[in-house]
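What follows is a single chain, given as C-alpha coordinates, in the form predicted alone.
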Amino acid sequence: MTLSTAPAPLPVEPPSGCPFDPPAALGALRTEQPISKISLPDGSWAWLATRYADIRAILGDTRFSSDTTVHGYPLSGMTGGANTDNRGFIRRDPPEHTRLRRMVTREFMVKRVEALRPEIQRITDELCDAMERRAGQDVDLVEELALPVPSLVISLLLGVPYDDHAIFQRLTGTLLSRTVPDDERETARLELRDYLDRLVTAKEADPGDDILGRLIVEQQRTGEITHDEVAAFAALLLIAGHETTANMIGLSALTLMRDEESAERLRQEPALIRGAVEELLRFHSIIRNGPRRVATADIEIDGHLVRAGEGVVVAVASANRDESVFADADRLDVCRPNAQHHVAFGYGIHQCLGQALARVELQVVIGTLLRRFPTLRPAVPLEKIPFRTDMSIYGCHALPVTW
(Lines give C-alpha, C1' and ligand atoms only; values in the text may rest on other atoms or scores of the structure.)
Protein backbone atom coordinates (compact mmCIF):
# COMPACT_ATOMS: atom_id res chain seq x y z
CA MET A 1 0.00 0.00 0.00
CA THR A 2 1.67 3.23 -1.10
CA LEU A 3 0.37 6.73 -1.71
CA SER A 4 1.82 9.45 -3.93
CA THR A 5 1.53 11.87 -1.00
CA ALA A 6 2.08 10.08 2.28
CA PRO A 7 -0.28 10.90 5.17
CA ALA A 8 1.07 12.04 8.52
CA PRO A 9 2.52 9.36 10.83
CA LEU A 10 0.66 7.97 13.83
CA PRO A 11 0.51 10.61 16.60
CA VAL A 12 2.33 9.25 19.66
CA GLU A 13 3.60 12.26 21.62
CA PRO A 14 1.50 13.48 24.57
CA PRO A 15 0.61 17.18 24.59
CA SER A 16 3.31 19.48 25.92
CA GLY A 17 2.87 19.86 29.66
CA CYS A 18 0.14 17.19 29.81
CA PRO A 19 1.96 13.86 30.14
CA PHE A 20 -1.19 12.01 31.21
CA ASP A 21 -3.13 12.86 28.05
CA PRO A 22 -3.02 10.93 24.77
CA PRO A 23 -1.59 12.69 21.71
CA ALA A 24 -3.60 15.83 21.01
CA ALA A 25 -3.95 14.99 17.32
CA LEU A 26 -6.02 11.93 18.22
CA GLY A 27 -8.72 14.07 19.83
CA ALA A 28 -8.92 16.31 16.77
CA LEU A 29 -9.16 13.32 14.45
CA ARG A 30 -11.84 11.68 16.61
CA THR A 31 -14.01 14.77 16.18
CA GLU A 32 -13.21 15.75 12.61
CA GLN A 33 -12.03 12.61 10.81
CA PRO A 34 -12.53 9.49 12.95
CA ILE A 35 -11.38 7.19 10.13
CA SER A 36 -8.26 8.60 8.48
CA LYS A 37 -4.98 7.47 6.96
CA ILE A 38 -1.51 7.43 8.49
CA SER A 39 1.93 6.71 7.09
CA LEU A 40 4.01 3.82 8.37
CA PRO A 41 7.80 3.71 8.81
CA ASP A 42 8.24 1.35 5.84
CA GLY A 43 6.62 3.86 3.46
CA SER A 44 3.22 2.16 3.34
CA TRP A 45 0.02 3.47 4.90
CA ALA A 46 -2.83 2.23 7.06
CA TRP A 47 -6.22 3.35 8.26
CA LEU A 48 -6.38 4.92 11.72
CA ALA A 49 -9.56 4.57 13.83
CA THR A 50 -9.98 7.01 16.72
CA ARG A 51 -13.64 6.71 17.78
CA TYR A 52 -14.87 4.28 20.43
CA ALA A 53 -17.71 2.76 18.38
CA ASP A 54 -15.54 2.20 15.30
CA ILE A 55 -12.71 0.69 17.36
CA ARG A 56 -15.04 -1.78 19.06
CA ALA A 57 -16.50 -2.69 15.66
CA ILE A 58 -13.03 -3.36 14.21
CA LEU A 59 -11.72 -5.33 17.19
CA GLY A 60 -14.92 -7.36 17.36
CA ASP A 61 -14.90 -8.31 13.67
CA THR A 62 -12.83 -11.43 12.92
CA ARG A 63 -12.52 -10.33 9.29
CA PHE A 64 -9.84 -7.99 10.62
CA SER A 65 -6.85 -10.28 11.06
CA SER A 66 -4.22 -10.19 13.81
CA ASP A 67 -1.87 -12.40 11.80
CA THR A 68 1.35 -10.51 11.12
CA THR A 69 2.11 -12.75 8.13
CA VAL A 70 -1.01 -11.63 6.23
CA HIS A 71 -0.14 -9.27 3.38
CA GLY A 72 -0.81 -5.66 4.34
CA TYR A 73 -0.51 -6.08 8.11
CA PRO A 74 0.77 -2.74 9.51
CA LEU A 75 3.96 -3.92 11.21
CA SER A 76 5.65 -2.08 14.07
CA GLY A 77 8.62 -2.72 16.32
CA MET A 78 6.39 -4.49 18.83
CA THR A 79 4.93 -6.93 16.30
CA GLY A 80 8.24 -8.23 15.01
CA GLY A 81 8.77 -9.27 11.40
CA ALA A 82 6.23 -10.68 9.02
CA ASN A 83 8.09 -13.99 8.84
CA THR A 84 8.28 -14.64 12.58
CA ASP A 85 7.30 -18.30 12.89
CA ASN A 86 6.97 -18.33 16.67
CA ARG A 87 4.96 -15.16 16.95
CA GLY A 88 2.63 -16.32 19.71
CA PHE A 89 -1.11 -16.82 19.63
CA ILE A 90 -1.96 -13.10 19.78
CA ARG A 91 -0.50 -12.77 16.27
CA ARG A 92 -2.65 -15.59 14.92
CA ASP A 93 -6.28 -15.98 13.88
CA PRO A 94 -8.82 -18.71 14.63
CA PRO A 95 -8.70 -21.65 14.65
CA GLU A 96 -4.99 -21.59 15.65
CA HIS A 97 -5.49 -18.63 17.96
CA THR A 98 -8.42 -20.35 19.67
CA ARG A 99 -6.55 -23.65 20.06
CA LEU A 100 -3.42 -22.08 21.54
CA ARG A 101 -5.13 -19.51 23.74
CA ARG A 102 -7.34 -22.20 25.28
CA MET A 103 -4.21 -23.96 26.58
CA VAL A 104 -3.49 -21.14 29.03
CA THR A 105 -6.92 -19.55 29.55
CA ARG A 106 -7.53 -21.41 32.80
CA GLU A 107 -4.28 -20.04 34.27
CA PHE A 108 -5.68 -16.50 34.13
CA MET A 109 -9.34 -17.04 35.04
CA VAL A 110 -10.69 -14.65 37.67
CA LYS A 111 -11.12 -17.29 40.40
CA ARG A 112 -7.58 -18.58 39.93
CA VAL A 113 -6.10 -15.08 39.91
CA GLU A 114 -8.07 -14.08 43.01
CA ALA A 115 -6.46 -17.01 44.81
CA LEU A 116 -3.11 -15.30 44.13
CA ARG A 117 -4.17 -12.08 45.88
CA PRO A 118 -2.58 -13.00 49.26
CA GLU A 119 0.72 -13.82 47.55
CA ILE A 120 0.63 -10.58 45.54
CA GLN A 121 -0.09 -8.73 48.78
CA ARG A 122 2.85 -10.44 50.50
CA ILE A 123 5.21 -9.49 47.65
CA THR A 124 3.94 -5.91 47.70
CA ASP A 125 4.28 -5.62 51.48
CA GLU A 126 7.85 -6.91 51.43
CA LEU A 127 8.83 -4.39 48.78
CA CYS A 128 7.08 -1.61 50.73
CA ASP A 129 8.93 -2.72 53.88
CA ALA A 130 12.18 -2.21 52.01
CA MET A 131 11.00 1.21 50.86
CA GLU A 132 10.07 2.21 54.42
CA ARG A 133 13.59 1.44 55.57
CA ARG A 134 14.76 4.15 53.19
CA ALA A 135 12.50 6.87 54.64
CA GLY A 136 14.02 10.31 54.17
CA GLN A 137 15.73 9.28 50.94
CA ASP A 138 14.52 9.66 47.38
CA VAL A 139 13.31 6.31 46.06
CA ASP A 140 12.65 5.34 42.44
CA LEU A 141 9.15 3.88 42.64
CA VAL A 142 9.57 2.19 39.24
CA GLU A 143 12.71 0.35 40.29
CA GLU A 144 11.65 -0.44 43.85
CA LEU A 145 7.99 -1.38 43.35
CA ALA A 146 6.34 -0.90 39.95
CA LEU A 147 8.67 -3.26 38.07
CA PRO A 148 9.39 -5.84 40.80
CA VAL A 149 5.77 -6.67 41.67
CA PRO A 150 4.61 -7.86 38.22
CA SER A 151 8.06 -9.29 37.45
CA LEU A 152 8.04 -11.40 40.60
CA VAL A 153 4.48 -12.54 40.04
CA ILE A 154 4.88 -13.55 36.38
CA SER A 155 8.23 -15.21 37.13
CA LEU A 156 6.52 -17.21 39.86
CA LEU A 157 3.62 -18.20 37.61
CA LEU A 158 5.82 -19.20 34.67
CA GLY A 159 8.56 -20.83 36.68
CA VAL A 160 11.21 -18.36 35.50
CA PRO A 161 14.09 -17.70 37.92
CA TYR A 162 13.56 -14.19 39.28
CA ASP A 163 17.33 -13.72 39.27
CA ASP A 164 16.95 -13.52 35.47
CA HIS A 165 14.49 -10.59 35.61
CA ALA A 166 17.18 -8.07 34.66
CA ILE A 167 17.75 -10.02 31.45
CA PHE A 168 14.18 -9.98 30.23
CA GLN A 169 13.57 -6.40 31.40
CA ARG A 170 16.59 -5.22 29.40
CA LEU A 171 15.57 -7.15 26.30
CA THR A 172 11.93 -6.08 26.60
CA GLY A 173 13.02 -2.45 26.85
CA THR A 174 14.88 -2.80 23.56
CA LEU A 175 12.05 -4.63 21.81
CA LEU A 176 9.46 -2.02 22.84
CA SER A 177 11.57 1.02 22.03
CA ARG A 178 10.43 3.13 19.10
CA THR A 179 13.88 4.69 18.67
CA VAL A 180 16.44 1.86 18.61
CA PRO A 181 17.72 0.73 15.18
CA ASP A 182 16.13 -2.33 13.63
CA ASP A 183 19.37 -4.32 13.84
CA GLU A 184 19.60 -3.68 17.59
CA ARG A 185 15.99 -4.74 18.06
CA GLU A 186 16.61 -7.90 16.06
CA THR A 187 19.67 -8.71 18.17
CA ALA A 188 17.53 -8.38 21.31
CA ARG A 189 14.84 -10.59 19.79
CA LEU A 190 17.39 -13.31 19.02
CA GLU A 191 18.93 -13.04 22.49
CA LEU A 192 15.49 -13.41 24.10
CA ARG A 193 14.72 -16.37 21.85
CA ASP A 194 17.98 -18.09 22.86
CA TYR A 195 17.36 -17.41 26.56
CA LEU A 196 13.85 -18.85 26.39
CA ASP A 197 15.06 -21.81 24.34
CA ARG A 198 17.47 -22.68 27.15
CA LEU A 199 14.78 -22.11 29.78
CA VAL A 200 12.29 -24.42 28.06
CA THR A 201 14.97 -27.07 27.53
CA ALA A 202 15.74 -27.01 31.26
CA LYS A 203 12.06 -27.25 32.15
CA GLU A 204 11.55 -30.16 29.77
CA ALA A 205 13.94 -32.10 32.00
CA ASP A 206 12.26 -30.85 35.20
CA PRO A 207 8.84 -29.33 34.39
CA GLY A 208 7.77 -28.03 37.80
CA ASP A 209 4.30 -26.98 38.95
CA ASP A 210 3.96 -23.78 36.92
CA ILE A 211 2.47 -22.60 33.62
CA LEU A 212 5.42 -23.62 31.44
CA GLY A 213 5.73 -26.93 33.25
CA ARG A 214 2.06 -27.70 32.68
CA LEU A 215 2.32 -26.74 29.00
CA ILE A 216 5.23 -29.15 28.61
CA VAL A 217 3.51 -32.03 30.43
CA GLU A 218 -0.03 -31.57 29.13
CA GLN A 219 0.49 -30.20 25.62
CA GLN A 220 4.06 -30.65 24.42
CA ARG A 221 4.48 -34.25 25.54
CA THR A 222 1.15 -35.16 23.95
CA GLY A 223 2.25 -33.64 20.64
CA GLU A 224 -0.20 -30.74 20.60
CA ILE A 225 2.53 -28.09 20.62
CA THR A 226 6.27 -28.01 19.98
CA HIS A 227 9.27 -26.89 21.99
CA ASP A 228 9.33 -23.65 19.98
CA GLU A 229 5.67 -22.98 20.69
CA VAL A 230 6.26 -23.35 24.43
CA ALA A 231 9.06 -20.80 24.06
CA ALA A 232 6.67 -18.50 22.18
CA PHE A 233 4.17 -18.79 25.04
CA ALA A 234 6.97 -17.91 27.47
CA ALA A 235 7.99 -14.84 25.46
CA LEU A 236 4.45 -13.50 25.19
CA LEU A 237 3.50 -14.08 28.83
CA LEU A 238 6.83 -12.86 30.19
CA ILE A 239 6.76 -9.58 28.29
CA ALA A 240 3.03 -8.92 28.58
CA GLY A 241 3.01 -10.07 32.19
CA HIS A 242 5.27 -7.35 33.55
CA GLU A 243 5.75 -4.48 31.11
CA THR A 244 2.20 -3.14 30.87
CA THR A 245 1.32 -3.55 34.54
CA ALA A 246 4.59 -2.01 35.70
CA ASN A 247 3.92 1.13 33.69
CA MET A 248 0.32 1.34 34.86
CA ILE A 249 1.50 1.14 38.48
CA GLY A 250 3.90 4.04 37.98
CA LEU A 251 1.40 6.25 36.15
CA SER A 252 -1.38 5.44 38.60
CA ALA A 253 0.77 6.27 41.60
CA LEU A 254 1.88 9.54 40.05
CA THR A 255 -1.69 10.46 39.12
CA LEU A 256 -2.96 9.93 42.66
CA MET A 257 0.01 11.77 44.16
CA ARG A 258 -1.07 14.76 42.08
CA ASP A 259 -4.78 14.33 42.89
CA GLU A 260 -4.93 14.39 46.69
CA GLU A 261 -8.72 14.63 46.74
CA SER A 262 -9.12 11.35 44.86
CA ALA A 263 -6.32 9.72 46.85
CA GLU A 264 -7.89 10.68 50.17
CA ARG A 265 -11.30 9.45 49.08
CA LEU A 266 -9.79 6.06 48.20
CA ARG A 267 -8.07 5.93 51.60
CA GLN A 268 -11.35 6.61 53.34
CA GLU A 269 -13.34 4.24 51.12
CA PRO A 270 -11.00 1.43 50.00
CA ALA A 271 -13.94 -0.44 48.46
CA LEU A 272 -13.75 2.17 45.67
CA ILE A 273 -10.29 1.00 44.60
CA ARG A 274 -11.58 -1.67 42.20
CA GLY A 275 -13.56 0.92 40.25
CA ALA A 276 -10.71 3.41 40.51
CA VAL A 277 -8.41 0.90 38.81
CA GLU A 278 -10.84 0.69 35.87
CA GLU A 279 -10.86 4.47 35.65
CA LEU A 280 -7.06 4.64 35.77
CA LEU A 281 -6.87 2.06 32.98
CA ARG A 282 -9.30 4.14 30.91
CA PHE A 283 -7.58 7.40 31.71
CA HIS A 284 -4.07 6.27 30.82
CA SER A 285 -4.49 3.70 28.00
CA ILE A 286 -0.76 3.03 27.88
CA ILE A 287 -0.77 1.27 24.49
CA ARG A 288 -0.06 4.20 22.18
CA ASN A 289 0.39 2.51 18.79
CA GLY A 290 -2.35 -0.04 18.38
CA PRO A 291 -3.68 -2.71 18.43
CA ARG A 292 -3.27 -3.40 14.72
CA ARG A 293 -5.20 -5.44 12.20
CA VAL A 294 -5.40 -6.12 8.46
CA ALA A 295 -8.67 -6.55 6.56
CA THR A 296 -9.19 -9.96 4.96
CA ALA A 297 -12.31 -8.79 3.10
CA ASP A 298 -13.76 -5.48 1.94
CA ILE A 299 -15.39 -3.96 5.04
CA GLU A 300 -17.17 -0.64 5.48
CA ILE A 301 -16.43 1.30 8.66
CA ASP A 302 -18.24 4.61 9.20
CA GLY A 303 -18.76 5.10 5.48
CA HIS A 304 -15.16 4.25 4.55
CA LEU A 305 -14.44 1.14 2.52
CA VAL A 306 -11.48 -0.72 3.98
CA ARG A 307 -10.36 -3.12 1.27
CA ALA A 308 -8.89 -6.57 1.78
CA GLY A 309 -5.15 -6.26 2.37
CA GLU A 310 -5.34 -2.79 3.94
CA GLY A 311 -4.00 -2.34 7.45
CA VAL A 312 -5.79 -0.71 10.35
CA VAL A 313 -4.40 0.84 13.54
CA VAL A 314 -6.92 1.40 16.34
CA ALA A 315 -6.11 4.14 18.85
CA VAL A 316 -7.44 2.74 22.13
CA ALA A 317 -6.17 5.82 23.96
CA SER A 318 -8.51 7.91 21.82
CA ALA A 319 -11.45 5.53 22.26
CA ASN A 320 -11.10 5.77 26.03
CA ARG A 321 -11.33 9.57 25.87
CA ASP A 322 -14.40 9.58 23.60
CA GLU A 323 -16.85 12.08 25.11
CA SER A 324 -19.82 10.32 23.52
CA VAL A 325 -19.14 7.36 25.85
CA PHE A 326 -17.32 8.85 28.84
CA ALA A 327 -18.64 12.21 30.01
CA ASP A 328 -15.92 14.74 30.80
CA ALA A 329 -13.52 12.12 29.48
CA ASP A 330 -10.30 14.08 30.07
CA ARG A 331 -10.96 14.20 33.81
CA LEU A 332 -10.04 11.38 36.19
CA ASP A 333 -13.15 10.35 38.14
CA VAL A 334 -12.46 7.44 40.49
CA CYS A 335 -16.22 7.01 40.92
CA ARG A 336 -17.05 7.03 37.20
CA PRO A 337 -20.03 4.65 36.79
CA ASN A 338 -19.08 3.23 33.38
CA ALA A 339 -15.27 3.19 33.59
CA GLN A 340 -15.27 -0.60 33.14
CA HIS A 341 -16.41 -0.14 29.55
CA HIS A 342 -12.92 1.02 28.55
CA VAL A 343 -10.98 -0.80 25.83
CA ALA A 344 -7.57 -0.57 27.51
CA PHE A 345 -7.40 -4.39 27.38
CA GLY A 346 -8.69 -4.48 23.82
CA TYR A 347 -11.97 -6.02 22.76
CA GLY A 348 -13.16 -9.17 21.02
CA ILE A 349 -11.41 -12.53 20.83
CA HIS A 350 -7.97 -10.99 21.31
CA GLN A 351 -8.88 -9.15 24.51
CA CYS A 352 -5.95 -9.30 26.95
CA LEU A 353 -5.61 -12.77 28.46
CA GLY A 354 -3.97 -11.45 31.64
CA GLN A 355 -6.41 -8.66 32.44
CA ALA A 356 -7.66 -10.29 35.66
CA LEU A 357 -4.08 -10.59 36.92
CA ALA A 358 -3.28 -6.98 35.98
CA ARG A 359 -6.39 -5.77 37.81
CA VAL A 360 -5.50 -7.62 41.02
CA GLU A 361 -1.89 -6.39 40.92
CA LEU A 362 -3.04 -2.80 40.42
CA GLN A 363 -5.67 -3.04 43.15
CA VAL A 364 -3.18 -4.46 45.64
CA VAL A 365 -0.32 -2.08 44.87
CA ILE A 366 -2.43 1.08 44.70
CA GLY A 367 -4.33 0.21 47.86
CA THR A 368 -1.10 -0.59 49.72
CA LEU A 369 0.64 2.60 48.62
CA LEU A 370 -2.31 4.75 49.68
CA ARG A 371 -2.50 3.05 53.05
CA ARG A 372 1.18 2.82 53.93
CA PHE A 373 2.52 6.02 52.36
CA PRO A 374 -0.15 8.70 52.82
CA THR A 375 2.41 11.50 52.34
CA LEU A 376 4.02 9.97 49.23
CA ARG A 377 4.91 12.64 46.69
CA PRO A 378 7.18 13.15 43.67
CA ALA A 379 10.73 14.06 44.64
CA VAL A 380 11.22 16.10 41.45
CA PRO A 381 9.03 18.50 39.45
CA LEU A 382 6.75 16.91 36.86
CA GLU A 383 8.91 18.18 33.99
CA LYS A 384 11.91 16.30 35.41
CA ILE A 385 10.18 12.91 35.34
CA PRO A 386 11.39 10.88 32.32
CA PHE A 387 8.23 9.75 30.56
CA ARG A 388 8.41 6.92 28.04
CA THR A 389 7.70 8.96 24.93
CA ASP A 390 10.28 6.78 23.15
CA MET A 391 8.48 3.50 23.89
CA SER A 392 5.52 1.64 22.45
CA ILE A 393 4.11 1.24 25.96
CA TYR A 394 3.74 4.55 27.77
CA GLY A 395 4.73 5.19 31.37
CA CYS A 396 7.69 6.51 33.35
CA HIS A 397 11.26 5.32 32.93
CA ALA A 398 11.81 6.38 36.53
CA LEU A 399 9.66 7.96 39.23
CA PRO A 400 11.62 9.49 42.13
CA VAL A 401 9.42 9.80 45.21
CA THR A 402 9.75 10.76 48.84
CA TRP A 403 7.45 10.89 51.89
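A quick note: this is a predicted structure, and the numbers were derived from the prediction, not measured. The numbering used is simple: start at 1 and walk along the sequence shown.
There is also a form predicted together with ligand HEM; it is not shown, and the following applies to it.
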Check whether residue 373 has any heavy atom within 4.5 Å of a heavy atom of ligand HEM in the model of the complex, and answer yes or no. no
Report yes if any heavy atom of residue 27 sits within 4.5 Å of a heavy atom of ligand HEM in the model of the complex; otherwise report no. no
Does the 4.5 Å heavy atom contact test between residue 155 and ligand HEM in the model of the complex come out positive? no
Can residue 326 be called a contact residue for ligand HEM in the model of the complex at 4.5 Å between heavy atoms? no
Candidate stretches 182 to 190, 327 to 335, 235 to 243, 199 to 207 - the one whose heavy atoms come within 4.5 Å of ligand HEM in the model of the complex: 235 to 243
Suppose contact means a heavy atom within 4.5 Å; in the model of the complex, does that hold for all of 45, 295 and 307 with ligand HEM? no
With ligand HEM left out of view, which of 287, 149, 251, 263 would have a heavy atom within 4.5 Å of it in the model of the complex? 287
Looking at 339, 369, 358, 58, which is the one with a non-hydrogen atom within 4.5 Å of ligand HEM in the model of the complex? 358
